[in-house]
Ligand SMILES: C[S@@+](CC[C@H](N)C(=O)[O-])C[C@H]1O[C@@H](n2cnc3c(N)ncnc32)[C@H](O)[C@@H]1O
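Given as structure tokens, the chain that follows is alone and in the form predicted alone.
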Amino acid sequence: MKKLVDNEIISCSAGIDVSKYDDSFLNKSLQKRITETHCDSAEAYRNLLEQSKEEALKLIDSLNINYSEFFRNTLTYSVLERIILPSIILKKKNTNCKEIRIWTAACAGGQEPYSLAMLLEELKNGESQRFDYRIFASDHTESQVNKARRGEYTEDALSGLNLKRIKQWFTRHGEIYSVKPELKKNIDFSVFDLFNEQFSAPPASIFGDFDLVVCANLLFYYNPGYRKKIVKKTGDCLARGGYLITGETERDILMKHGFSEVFSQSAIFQNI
């Protein structure tokens, strides 16, 4: 695929390495900025990028993938609720390690870790024997992690939740719905770069060994080499028999890296 603007020029102007991104995603982002800046060609936009720090910052922002939803993939969360999480709970009852450990590797606005916490709290209420859990939620920018930690959403952002969950887990303040403290208490938010070569998982998790790692709707933004790095890092952090969750459109990527889908179309995998 022909690149609209050379990677070296973008990296120099924006101050970040863009070679890690998938060419299709990068071109779409560039085309959007070309249109919004009313440039009549890729060359004109390249000149603007070299001259305007403000535009370089806008381009960087457009490359940050921050979109998320509560219970985004209905089938995935249904399988988690009915099969995967109950099986993990049962397994923990028969081991010395009672804590369920989960890592959401690109938590964006926080919808993903809060959705998982809701499921676990609801399962806990239905269990005769208590269990503990800890969710480590990370993203690569401090601003995004702070947003997730605040847990404040508009009514539109709660469209994936039923009324019962909204009433149970949120407090309304005017037009804003805030996540209640009791849902936050077992979630640890932190800044972590998936391409960090020093740590294999967020330092707060100490040793990884996760029963479940969620890395959904992220892989297809990167080129094959960087996808491989993400899959290896998240896969290596799994406890024995642990599960790796990706997005619906990323299932083929996991299969190419030796993972087997637990239930068809669920996007829930184990390493075989």
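Residue numbers run from 1 along the displayed sequence. The model shown is predicted, which means the values in this text are computed figures rather than measured ones.
Separately, the form predicted together with the ligand exists; it is not shown, and the next lines address it.
This chain is drawn without the ligand; in the predicted bound form, the residue among L123, L158, L194, I84 with a heavy atom within 4.5 Å of it is L194. Taking A106, I100, V179, A117 one by one, only a single residue has any non-hydrogen atom within 4.5 Å of the ligand in the predicted bound form, and it is A106. In the predicted bound form, the ligand sits within 4.5 Å of a heavy atom of T141. By the criterion of a heavy atom within 4.5 Å, L49 is excluded from the residues contacting the ligand in the predicted bound form. Interface residue remark: L218 is counted as part of the site for the ligand in the predicted bound form, having a heavy atom within 4.5 Å. Remark: N64 counts among the residues lining the ligand in the predicted bound form, judged by a heavy atom distance of 4.5 Å or less. Figure note: of the listed segments 89-97, 106-114, 181-189, 146-154, the one touching the ligand in the predicted bound form, with heavy atoms no more than 4.5 Å away, is 106-114. Shown without its partner, the chain has Y67, S68, E69, R72 in segment 67-82 as residues with a non-hydrogen atom within 4.5 angstroms of the ligand in the predicted bound form.
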